[in-house]
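In structure tokens, the next block holds one chain alone, the form predicted on its own.
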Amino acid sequence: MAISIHAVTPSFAAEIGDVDLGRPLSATDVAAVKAAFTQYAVLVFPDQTFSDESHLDFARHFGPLETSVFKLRTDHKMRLPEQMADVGNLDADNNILAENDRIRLYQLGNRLWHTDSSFKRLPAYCSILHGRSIPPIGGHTEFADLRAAYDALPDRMKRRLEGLVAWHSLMTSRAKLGFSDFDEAEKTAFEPVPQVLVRRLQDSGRISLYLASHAGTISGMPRADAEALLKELIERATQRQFVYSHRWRINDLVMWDDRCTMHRGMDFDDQRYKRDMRRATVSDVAPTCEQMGLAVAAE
């Protein structure tokens, strides 16, 4: 049986049925998933039960896997394989993280509008998140369609954004929450990297904004002006007409296109409910500036 596709909106977010991701996929099914992903940018696969390795095997259909940033710290005991990002609220023994735990405070940054791995010179192509345990209330994830947001910009704004390059760092987003507990290895790894503000998607040909809370400055622009422009663009891009809100069910798997979406996790009582969320992240094919043919001088 071929996979079934049920669109949430005509062009953003779709649910995928008649597929078991715990088993090897046929070439036909992989091609159908990729085509749906190009069109909708966010795909929801309900009721998927599988091992971490099956999760990673599915992700490998889309490209090479990233390594968790938590591997940088020698004092961190990892709960999951290094190719998986642990974005829940559990420690290595599956207990709820204490309120003042460093990892919990770091993870609060996921509640800002962001794009996974835009702080890496080679950013992410897609993220694939599985909900093993979810809170009964709260904890939704919101996704913003940056393609539609770009299309809706006034022509004068589109002209203003042509060729602009923003500098992204994980330390920039965490500083917005007052978090600065980075060791020397992390500070080196999270030095700001350049990313275009507007990009063309290679598969669909559509133009998209490329935004994240990790962005702090823009080349050739005073910091205050850059911050104001980035704030305006994020506010435009996260208007209700561009946002899909996902209410998690146990064993949902959601994948999204990091090239043309932003997302954020919503608040929940993380001192009461366990949230076990495991993410595989696939690298993009090249840095965004290279993809857009821009040469960038160091800041």
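Everything quoted here is computed from the prediction, not taken from an experiment. Numbering starts at 1 and runs along the sequence shown.
The form predicted in complex with a small molecule exists for this protein as well; it is not shown, and the discussion that follows is about that form.
Only one of the listed residues (141, 83, 217, 169) places a non-hydrogen atom within 4.5 angstroms of the small molecule in the model of the complex, and that residue is 141. The partner is absent here; in the model of the complex, the one residue of 129, 90, 148, 134 having a heavy atom within 4.5 Å of the small molecule is 129. Taking the partner from elsewhere, residue 263 is found to have a heavy atom lying within 4.5 Å of the small molecule in the model of the complex. In the model of the complex, the small molecule sits beyond 4.5 Å of every heavy atom of residue 204. Using a 4.5 angstroms limit between non-hydrogen atoms, residue 58 is distant from the small molecule in the model of the complex. None of the heavy atoms of residue 199 is located within 4.5 Å of the small molecule in the model of the complex. Contact with the small molecule in the model of the complex, judged as any non-hydrogen atom within 4.5 angstroms, is confined among 184-192, 97-105, 112-120, 150-158 to 112-120.
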